[in-house]
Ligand SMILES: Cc1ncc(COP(=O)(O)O)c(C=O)c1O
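A single chain, nothing else alongside it, follows as structure tokens in the form predicted on its own.
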């Protein structure tokens, strides 16, 4: 058996690692042309642009809603803004509880606090997405919404989750930040819930550096999203007119997307299908070459066909094996990592959300945790409150799958995994 690189043997992978910026690495002349058109037209703000030109942001919304088969799309300045706007739109606020998974970027939880509601942290299962069984356990009379996060590019169990929410009269918000273009049983992610929220931050599949999108099929929710994201109400047919119905107008914030962001995203949106195709091909090539390994268990999928393939994740049988396995892979020239290590802070894992665990708030009143509208048992947090989540994450080995990998890169990655597993997992 070939000597491991960590022991002085030759590396399995001799090519440079590719950073995981799928759309970012593709930025080129198309994005430049779109941006220069905005600058040449001197049209930087969608509501007050020169009347002879169309808005790039409006065009992006139209194309996004058509591509993802949703009636309404609203462009905003980040996915966090999309989540906050969605929570406000569905009526989450003082006295409300919102269920979020214990494995998601902290922004999913922070948005709940920003909407003045209380987050309730839920287990994930072996798909690393929110566990429907634990959702049902966490529901009580205060539960207003569930945020289903399609984590690491793959769908939640949307059949079970939508059934639970409809049965219990709970709103469903999808966080599609890491899974743009993914699907579940042929239906696009972001179109199952009352709203769907997307991210265009630089680490995402397509990007403008920042930016986000809300989808909904509900006209009244769309109006509320519009109202909250634009406190100046520029979007209304008669900006200064009386409300067209009760509850149309209320105080909001400024989460609007700029025309420059919209211009970049129009170019990036054309790249989405190509990026997904490349990542899916690369992941399949690697996985096919290592699938006979007996001492690893691949992450389970609710619908593998709809996976965006941004990552390859598998479990080892004991968490103590992850660190030496990952270190050996890195020595082979493969950019791999474990997901959870208690000693290494990672804001994607609830146990590291120190400001949530300790209920830290910007003012001494302690809202929303001390809100008088919240009835019943106070929500409490502990670092060990989701043991299943920590177990799965602590046994996970994670590899990004950039679209820019070559076939040679994929084969060398597979070779390295086989080499390390052959020695360390006997």
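Worth saying up front: this structure is predicted, and the values here are computed from it rather than measured. Residue numbers count along the first chain shown, from 1.
Quick note: we don't show the form predicted together with the named molecule, though the next part is all about it.
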The one residue among 102, 211, 119, 193 placing a heavy atom within 4.5 Å of the named molecule in the predicted bound form is 211
Assert contact residue (the named molecule, in the predicted bound form, non-hydrogen atom within 4.5 Å, options 349, 177, 158, 329) equals 177
Review point. In the predicted bound form, does residue 129 have a heavy atom within 4.5 Å of the named molecule?
Key: no
Quiz item: Hey, in the predicted bound form, does residue 78 get a heavy atom within 4.5 angstroms of the named molecule?
Solution: yes
Contact flag, residue 146 vs the named molecule in the predicted bound form, heavy atom cut 4.5 Å:
no
| message | Taking any heavy atom pair closer than or equal to 4.5 Å as contact, tell me whether residue 261 reaches the named molecule in the predicted bound form. | response | no
Partner contact check in the predicted bound form: of 318-326, 196-204, 164-172, 272-280, the stretch with a heavy atom within 4.5 Å of the named molecule is 196-204
Within 106-123, the residues having any heavy atom within 4.5 Å of the named molecule in the predicted bound form are 107, 108
